[in-house]
Structure formats: C-alpha cells, structure tokens
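Consider the single chain below, provided in structure tokens and representing the form predicted on its own.
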Amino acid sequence: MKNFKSKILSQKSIALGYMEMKFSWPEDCETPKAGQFLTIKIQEQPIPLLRRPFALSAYNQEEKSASIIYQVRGTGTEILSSMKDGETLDVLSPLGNSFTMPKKKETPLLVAGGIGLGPILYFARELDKAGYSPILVFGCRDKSLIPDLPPLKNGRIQFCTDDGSEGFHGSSVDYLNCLDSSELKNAYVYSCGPTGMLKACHNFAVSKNIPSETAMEEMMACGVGACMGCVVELAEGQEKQYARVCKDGPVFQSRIIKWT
C-alpha cells in the first residue's frame, strides 16, 4: 500500500452515467491485482470529506498506468468526472485482496453488474492473456448501459439486458442457466456487482456444485480496516461472525458470506 500522486492520462464516458479514467502508476508501487482497489482523495476542500474507494479495472505494465470504471452518482464522482487530463489525483493503493487464479482445466465464468464490471473486466483480460477461455457475462437494465469493449482473444463477452434491447434477454444468472453442460463442467464462478446478483450467482454455483468467489461492494469510510464501516456477516461455522470488506476482502469465497 502506497500513498502517491498520479496524473490523469485520459477520461471518457463508456456508457450512460459510467466513466473510465486512466492515470499514471508510479515505478516504485507494487503491481495491482484484479480484485484490488484504491481510494482517491477527491479534493482538498472539506466536501467530500472522506476518500472514495474504486476497484481497479486495468493495469498496463509497459505504460505504467492503471484505470478505474465508476458511476457518476454523487458529489465526489461528479467532481471526479469533471477533472481533465494532466490534473493530479491523491491515490492510496493497492488495497485489499484479489481473485484466485483458477486451475488450468477450469472454465472461468465471470459475472458483472454495474460498477462491478471494473474488477471483473480486469480479471477477464488477465485470464485471457494467460490462455484461459473466460466467459464474461455483463447484465444491465437496457442497451444504454452497455459499454463498448474490445473482444477477448480466447474468451467471449456476453451482454444481458432486462428489457431484451441488446444481447440475451434476461438476467446474468438466467444466461448462466442456459449454458451447455460442457461449459459448466469444471467451471469456477467469479462475480462483482449488486448484492442481489451476487446472491443469485452464489445460489447458482451451489446448485451446480462449483466453486464461487465474489467481490463485495460496501460503503467504505477509511478503506484500511480501522472504522469497521464495511463489515459483512459471515455464515455459521466461520471463525468469526463478521468480516471487513476493505481489509479481509473485498474478494471472498461466496460460501462464507451469510446471504440474507
């Protein structure tokens, strides 16, 4: 974990209300992994007071840059979206743990919703480069929320919309249930997005008896495990009753989470 100043390299809208920002990454900072996150101090003014957490959506070793995908939905992200190339960010990263690499014979099924696309997209690209054939499933309300993404070399990206305006008509889990049994053999589910979607992915994995990891999204005040503001309740049989998403996660085996 390092606190550093970073220059904004580019920023663009990728879907209705969603932005992608690329920024410089210092030479002496460790390489971030898919699933990890950062916090940004938006500005020196009292509002917003707290740093804002964002999952990493990409990292470029040669260029020494990293990216985030975020939704504009409050004062902090509105200010962030107005920042221009060359402006300076106050970054604390990398934070949290990361997704587990699957075994060589396993098929990664990656499910994303909303800003959960960022870490899932990062992991899908890493898996793709490593020779896996990941299936990335992104679910959203309608086609206005679908970003323009370059295809994967070895895997594929499937969009799902609630209204059927583009891609598969139905939820991401509806799509998973339509997969051929050969694609579910040796599958490993990874998910990030709204809690309802994460729970549905967990239930799907349990029903198919396949492993599942989930990257939790919770409100974080400190981002380093001090304030206990992002705890989630764990299932019975765990050593402790609660876990801090920022410090113990954000990636968990979905079976250890108490889904209510």
Partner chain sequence: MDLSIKIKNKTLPNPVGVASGTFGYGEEYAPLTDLSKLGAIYTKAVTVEPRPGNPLPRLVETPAGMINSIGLANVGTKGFLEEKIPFLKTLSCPVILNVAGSLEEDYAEVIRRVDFQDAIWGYEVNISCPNVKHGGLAFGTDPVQVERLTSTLRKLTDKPLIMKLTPNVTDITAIARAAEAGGADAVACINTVMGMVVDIHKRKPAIPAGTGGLSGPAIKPVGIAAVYRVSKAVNIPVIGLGGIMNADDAVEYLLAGASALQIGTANFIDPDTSGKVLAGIKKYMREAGFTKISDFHGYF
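Numbering follows the first chain given and starts at 1. Just so it is clear, the model here is predicted, and its values are computed rather than measured.
Keep in mind that the form predicted in complex with the partner chain is missing from the display, and what follows is about it.
Looking at I8, you'd find every heavy atom of it more than 4.5 angstroms from the partner chain in the model of the complex.
A residue is said to contact a partner when one of its heavy atoms sits within 4.5 Å of a partner heavy atom; R244 meets this definition for the partner chain in the model of the complex. Mapping the unseen interface onto this chain, V232 counts among the residues with a heavy atom inside 4.5 Å of the partner chain in the model of the complex. The partner chain in the model of the complex is not approached by I210, whose heavy atoms all lie more than 4.5 angstroms from it. In the model of the complex, every residue of the candidate spot (M1, L49 and A226) has a heavy atom lying within 4.5 Å of the partner chain. This chain is displayed alone, yet in the model of the complex one of A34, M220, I68, A205 has a heavy atom within 4.5 Å of the partner chain; that residue is M220. Out of the listed residues L127, L145, L92, C160, L92 is the one that sits within 4.5 Å of the partner chain in the model of the complex by at least one heavy atom.
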